[in-house]
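Next comes just one chain, in structure tokens: the form predicted on its own.
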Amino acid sequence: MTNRSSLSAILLFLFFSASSAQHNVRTERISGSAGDVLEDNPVGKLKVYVYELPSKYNKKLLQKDPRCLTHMFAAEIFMHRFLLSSPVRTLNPDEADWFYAPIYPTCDLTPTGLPLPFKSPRMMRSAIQLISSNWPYWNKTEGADHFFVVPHDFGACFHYQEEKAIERGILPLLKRATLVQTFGQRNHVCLDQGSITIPPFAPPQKMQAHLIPPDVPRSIFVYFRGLFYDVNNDPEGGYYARGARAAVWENFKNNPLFDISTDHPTTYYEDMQRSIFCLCPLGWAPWSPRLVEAVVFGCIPVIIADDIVLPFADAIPWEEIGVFVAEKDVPELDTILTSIPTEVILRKQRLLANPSMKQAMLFPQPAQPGDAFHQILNGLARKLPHDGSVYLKAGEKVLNWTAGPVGDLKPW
């Protein structure tokens, strides 16, 4: 760990970095194909048919609990609203490239605002049964040209605890569909190879309201606000965040370079804009809204989540804008971060200052070119044309409608 004798040198480094950033070029375009992909316009490249489902699958859930509009899983709601007025929408299902079913599987919240995913499998089964009975399109591919937004902790595994999510696996009826989900981890049963990984929802208007002048120095070296232990769900410690958050606290709670706490101050957004590095460790799942907040506020994300699959990885050069630290290396975090050359930090800051980078992480209302909605459509467009093998012969069945836990088979 960094000793006290080196603190003055590091503080000088902080001042130099913050001051230099104000006199350097503010923004830098992503070079090569990633920059081109980020700025793609999906309009004209695909057509999406939106099923008109009974409101019990979407709008009634939201009417029952409007908090669903502001939680980190709200992409399922805003994607529906976006598609209803999007130029890629077609009212003729026979010309559609993709079919979208507007279902809000995470809009069932506890009094404290946490989603309960336990009814989600039955809701999904019910909706798919309805779609397959009332329209001919599902049965032609058994969902291979359909996409669903499943933004819960472990996507379509529908459980917030990883062990149980793995035990459940992806809902069998969704095995051929494309899943648009926040969860992403390599070689994990809850991430299908064809899934599109997206950022969690973070309120754009709220963040916009907390912007500070760009010339304010970044005088905080490392910043983090959040839980280190989840005493309610993991009283013995070590399971939550695979112990990575606990390691951050135990190693750096008294380190003057680390501004870390469980407190969530009213200046949280402003503090991120005053910070050079923002920690983005895993929690129960690998992802969190901190990733979005860090990018939007130009704070270099320090990603501590082994094997994470990040949002829009073919368009956003995460290796260039962030710092990846293995969970086992958390005790060396101070040494790792203070060893990064100043010119590398400044380049990451310039890339983060690119407006297209920030836009790709947000779901603004109304939608704007290059935002997360358009990145999702770009991802769908790049999967076209569908391979001929996805189309089934008349009467052919691939999916097992009776597979999965017995409780999932109950009517919803």
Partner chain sequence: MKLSALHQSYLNRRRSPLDSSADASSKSFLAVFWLVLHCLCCLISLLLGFRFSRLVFFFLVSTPSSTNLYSPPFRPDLPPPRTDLSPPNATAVEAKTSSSSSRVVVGRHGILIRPWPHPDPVEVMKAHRIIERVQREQKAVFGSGGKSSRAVIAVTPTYARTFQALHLNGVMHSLMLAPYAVVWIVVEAGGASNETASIIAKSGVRTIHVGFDQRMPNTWEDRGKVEVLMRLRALRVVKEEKLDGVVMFADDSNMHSMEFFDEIQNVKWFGAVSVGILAHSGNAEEMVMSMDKRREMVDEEEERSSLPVQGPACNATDKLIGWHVFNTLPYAGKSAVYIDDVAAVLPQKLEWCGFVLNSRILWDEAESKPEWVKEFGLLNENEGVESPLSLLNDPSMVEPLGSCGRQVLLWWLRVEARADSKFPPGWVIDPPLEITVAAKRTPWPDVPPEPPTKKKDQMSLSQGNNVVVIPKQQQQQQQQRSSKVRKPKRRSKRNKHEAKPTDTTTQVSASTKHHQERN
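Numbering follows the first chain given and starts at 1. Keep in mind it's a predicted model, so treat the numbers as computed, not measured.
We do not show the form predicted together with its partner chain, though everything after this point is about it.
- A residue is said to contact a partner when one of its heavy atoms sits within 4.5 Å of a partner heavy atom; P217 meets this definition for its partner chain in the model of the complex.
- Proximity of A247 to its partner chain in the model of the complex: non-hydrogen atoms within 4.5 Å are present.
- The closest non-hydrogen atom of Q185 lies within 4.5 Å of its partner chain in the model of the complex.
- For the chain shown alone, L346 is a contact residue for its partner chain in the model of the complex, at least one non-hydrogen atom being within 4.5 angstroms.
- Comment: its partner chain is not present in this chain, but in the model of the complex one of A74, I128, L257, A96 has a heavy atom within 4.5 Å of it, namely L257.
- Just one of T335, N134, N92, T267 comes within 4.5 Å of its partner chain in the model of the complex, counting any heavy atom, and that one is T335.
- Contact with its partner chain in the model of the complex, defined as a heavy atom within 4.5 Å, is made by none of E39, S85 and L179.
- Heavy atoms within 4.5 Å of its partner chain in the model of the complex are found in exactly one of 97-105, 166-174, 142-150, 310-318, that being 166-174.
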